Structures are given as structure tokens and as C-alpha cells.
Ligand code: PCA
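Before any questions on how it binds or moves, here is one chain, the form predicted alone, in C-alpha cells.
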Amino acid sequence: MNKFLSRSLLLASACSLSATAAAAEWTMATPYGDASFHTSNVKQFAEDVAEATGGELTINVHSGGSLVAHGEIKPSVRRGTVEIGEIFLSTLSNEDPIFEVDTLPGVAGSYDEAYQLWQSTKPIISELFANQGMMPLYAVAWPAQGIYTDFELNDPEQFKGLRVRAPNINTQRFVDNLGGSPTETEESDIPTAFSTGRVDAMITSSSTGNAMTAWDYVSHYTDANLWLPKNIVFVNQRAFDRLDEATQDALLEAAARAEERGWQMSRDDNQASLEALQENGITVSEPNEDIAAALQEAGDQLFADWQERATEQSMQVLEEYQQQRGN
């Protein structure tokens, strides 16, 4: 009897240890603060994964660049230093022009078009990630980008020499085309950049302006609807492959829900943020005819430059997307 009990206890202990060993704990890095709807969505995604897997996979989210700086998130995921990360997709434009296609003015001017663009480009983007040992899980668009200034923007000459916060290379090129002076500044550093005079203006979304309390340092927001860029959440392929099939399926299902939820959150946040900007004293307006013409000219030049750099595969993907749009 004692031998039987002893054997049963050993078996139970072994099963317990096996279950513990099977459980995975991932670290996730995101550069965005807790006030961002993207971070709220990421945290909900992590909760969904833990619940769906019964704790077999937990994801510890480190927001606001607290663990890894934005520019180091993708290399860290690739190395496996962290298992999962989130970045602003167009920061990868030096690797391939397809990564910046969602920052080309006129390519996607609405949420429906931006989502269609993501579906069209997802296969090639997934292939590029796979070549580096990573796998995209989902992507979510920011609201359309506009221009924040501490003055009324009504004359294209005001762009000349203007120090503009530009979060990616394509936006920097766009600012150059306008005659401005682009400055790369992380979201978390925006208030300091304005207070120290490193930037005079910024191109970003209503959401970022609200999250960063832009009314503390600017007075006007020109809702120019320039483009709807995306964040992408991706995982180290080896870490994914180590999960059992049921956990993999649960993770992918949670990612699909996060993508659907995130796009709706973006729409909702855009409206709420525009209202918050106005309630806090920022004048929100659409560009006048002269500003609109200057933005169009700078955008056309940006697109022409992109075409010269784009691969044949990227051009084909964009053409197919435009055909689907009916252009």
C-alpha cells in the first residue's frame, strides 16, 4: 500500500513538473506608453492569450520603451532576447521599400483602404520577416497623420526651415520635400523636444497628440489626412515553434482578435482624440488650398522617389492593390 502511494505521488510530481516545464513565459517590448490605444490592445492581447491557454503561455508586456528602445526591438526579437515585440512598421523602410508603402500620401486615405493595403502587402511583409526568423502576428493602423504647430499653418512658406518631428525616414523625406528640417524623435521624447526647441512642429496622429498632451506645447492641428501608418506585432519563429499546436492556435486566434479590435480602437480613438484636442484649446482645421497643394506636391515627389527604389515585387503588390481599389 505504501509502495503504491509512493509511486502515485512520484507520478503526480513528475506530471506536475512536466506541466510546469511546458508552460512558456514570454517577454514583449513595445515603445508606446500606457496612454496609447496600441498598448491597451497589446495588454488585452496578452490577457486573452493567458486565458485561452490556461496559463500555458503568458506574455509580460514592457511598455514605453522601458525594456528595449524602439530601434532595438526588432533585432532583439530576431535574436530571441525577447520573444515578441511591437514597432512602427515604416521604421524598417531601409530594409525594403514595401515597409514604407503605408506612409505614401494618397495610397490609402481611409481605414477601409488602409486595411485593404495591409491585406495586399501582408504576404510579402510576412515573407521578409520569415527570412529573418520572425513571424508577424497582427498589424493595426494609427489614425491619419496631421501636422501640429504652435501657429496657424496657412502659407507653404512657413514650412521653410521648420524643424519637424518625423518618426520615420519616409516622413523625413516628406518634410524635406516641403522645405522643412526633419528631426527624428521618439514618441516618449516629444514633450522634451518641444520644450528644448529641438522641434517646432510634428507630423503625427490625433491619437499621439492626445496621449502626449500636445496642448502643452502647440496650439494648432492641421488635420491633413496624409496617411494611415501601422504598428506591427511579431514573434520570434523559434519561440513560436517551441509551443505545442494547441497553444500556437490559441495565440494566432488571440492575434486575429487583437487585429480586429485594434482597428476599431483606432477609429474610436481618432474621434475621441480630436475632441480632446479641441477641448484642451487646440484649433483643429483642414489645410487651406495653398497648404493642400504644397502637401500634394511633396507627396507626389515622395511617391515618385519610392517608385525608383521599389522592387518589382513591391510595385506589383501596389498595382494589384490599386486595381482592387478601382484606381
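Just so it is clear, the model here is predicted, and its values are computed rather than measured. Don't overthink the numbering: it's just position in the shown sequence, from 1.
There is another form of this protein, the form predicted in complex with ligand PCA, and it is not shown here; the text below is about that form.
Of the heavy atoms in residue 88, some are within 4.5 Å of ligand PCA in the predicted bound form. Among residues of the shown chain, residue 205 is one whose heavy atoms approach ligand PCA to within 4.5 Å in the predicted bound form. When ligand PCA is considered in the predicted bound form, residue 32 lines it closely, a heavy atom lying within 4.5 Å.
When ligand PCA is considered in the predicted bound form, residue 145 lines it closely, a heavy atom lying within 4.5 Å. Of the residues 83, 223, 187, 200, just one reaches ligand PCA in the predicted bound form with a heavy atom at 4.5 Å or closer; this is 187. Only one segment in the set 252 to 260, 162 to 170, 122 to 130, 107 to 115 has residues whose heavy atoms sit within 4.5 Å of ligand PCA in the predicted bound form; it is 162 to 170. In the predicted bound form, ligand PCA lies within 4.5 angstroms of a heavy atom of only one residue of 220 to 235, namely 229.
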